[in-house]
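Next come structure tokens for two forms of one protein chain, structure 1 first, structure 2 second.
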Structure 1
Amino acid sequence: MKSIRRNRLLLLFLLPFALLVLGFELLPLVGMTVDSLHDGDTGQWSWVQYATALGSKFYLQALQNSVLISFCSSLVGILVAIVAAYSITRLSPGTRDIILMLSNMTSNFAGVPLAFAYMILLGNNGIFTLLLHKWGWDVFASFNLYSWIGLTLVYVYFQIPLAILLLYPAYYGIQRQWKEAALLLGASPLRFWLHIGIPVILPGVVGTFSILFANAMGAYATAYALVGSNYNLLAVRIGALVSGDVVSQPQLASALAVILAVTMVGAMWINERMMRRVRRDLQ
């Protein structure tokens, strides 16, 4: 009895956490969702915000662009990471630690500083732009950093270190002995990867891909710093509705934010379903 009462007293120490999480995490999100389901003029419950958002060519295009750039940059990022992370596991432990630290360090290189670095490299007066011009490689003359392809390139940059960081542990599921056993039993390296290696890392690959996708969907600073509001992305559109510390058209902004969040969660959900299916086939 006494210990129960004492434990109750301990609950008091959880109060600050509860208040902070409620105040700055849960209530704002719930409020925003409720807001998105209201008509701004009449204050009635309605789907009108979603109809506006998904019915307008402008916002629909923003959503499509966001999904496309997230998908492409995640795909390139994961492909590079699949090779690179494996290569890292083949190095000596000391080198491995240093490489991982360096790679993790560059994962902090995103947003405004990253956009700026790419301007120095590939902008109108960028180093590579000048270099290629001097060498007369005019194939790249049409390259424009401030376009879709340029933006994708910058997205790929911040996806790669994250992908390596997340995918790297998956390779530890493959043990050396398995490979040796398979080789002894007469499997070629190709067959080993096809039947053992790839199935083992596949859940890791799928999971990492979904995190990369969500990461790119939510990215705002990089695109904002590079192309401002010129390129139509969902996160940039939502940011554009916030001016100073006021949200213009708060209900519409809320609906767009909910759509963005749903797309991200949806991608993660689809991936999880796929992963389960892959695993069931295995069993």
Structure 2
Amino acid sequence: MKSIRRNRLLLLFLLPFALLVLGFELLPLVGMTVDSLHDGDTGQWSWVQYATALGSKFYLQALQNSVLISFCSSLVGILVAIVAAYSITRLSPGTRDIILMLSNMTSNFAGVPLAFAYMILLGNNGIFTLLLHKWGWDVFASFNLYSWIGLTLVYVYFQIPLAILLLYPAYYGIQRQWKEAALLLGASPLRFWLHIGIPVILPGVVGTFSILFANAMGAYATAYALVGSNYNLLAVRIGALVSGDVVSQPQLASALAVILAVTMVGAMWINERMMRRVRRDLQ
């Protein structure tokens, strides 16, 4: 009897969280899906929005560009974070706390402020661009911040600190005794990392990469503030269809949003399959 009352009390405490999930996650998702299955002109149930989205080279290019820039920025971010997170574990506790605090702060520095900061520093009339040009160093002569390279650079900026924060705890799964035992048995540091260290942190690396990919796929404000509609990204296209200056097409925007969500779920599914395989190999 006491256990039943305790379970009811726990369910009562979970009620606000359940309402939050229902109101801010499930209901918008259901509404978006239902909206994507309606014809904008007649209001009837129809697959026309998906046919338009998947039959248009313009929107397929937006999806391809989003996947490509998300993959590249996530790959660079995870490679840098692997080295940086390990380096942080080797620092003193005080220095480590300061760097983690800075990583936490910079990981949340995104959107319009980040794009504006890059414009001031590396834009066509940015501080470093003009300063180096005045000194005769045309380092940024061929660099265009408002191109794919520039946009990827900005994405990498907010991907690296997030990857460090997510990957940093994984290194503490490697016990010091393992290293000592490996050294006593004659294994070199490289051999230790190849056979023990990397397999231990690999699930964390794969999981972090999938989160970075989803983070980049959903990025909107940074890309819109930096390149506007000059670069074809799926998140920018969805925003344009919802708040278009001429004609808004919320049904088509909902269909594109569902495609974006399916792409992210597919990436998470692939990540889960890889995680299971890694865990099975480690056993």
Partner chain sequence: MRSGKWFHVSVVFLVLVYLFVPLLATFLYSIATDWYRTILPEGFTLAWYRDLLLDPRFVDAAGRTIFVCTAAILISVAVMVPTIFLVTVYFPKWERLLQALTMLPYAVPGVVAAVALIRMYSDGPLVLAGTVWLLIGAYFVSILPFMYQGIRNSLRTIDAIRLTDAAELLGASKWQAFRLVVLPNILPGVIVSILLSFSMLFGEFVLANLLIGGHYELLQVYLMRRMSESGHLSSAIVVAYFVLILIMSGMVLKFSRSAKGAKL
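Here, rigid core means the biggest group of C-alpha atoms that superpose within 1.5 Å across both forms. Residue numbering: sequential along structure 1, first residue numbered 1. These numbers come from a predicted model, not from an experiment.
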Have a look at both and say which one is the form predicted on its own. 2
Please check if W269 moves between structure 1 and structure 2, taking a CA shift of 2 Å or more relative to the superposed core as movement. no
G40: after superposing the rigid core, is there a C-alpha shift of 2 Å or more between structure 1 and structure 2? yes
Core-aligned C-alpha movement of V206 between structure 1 and structure 2 reaching 2 Å: no
Taking the rigid core as the frame of reference, how far in Å is the Cα of L131 displaced between structure 1 and structure 2? 3.8
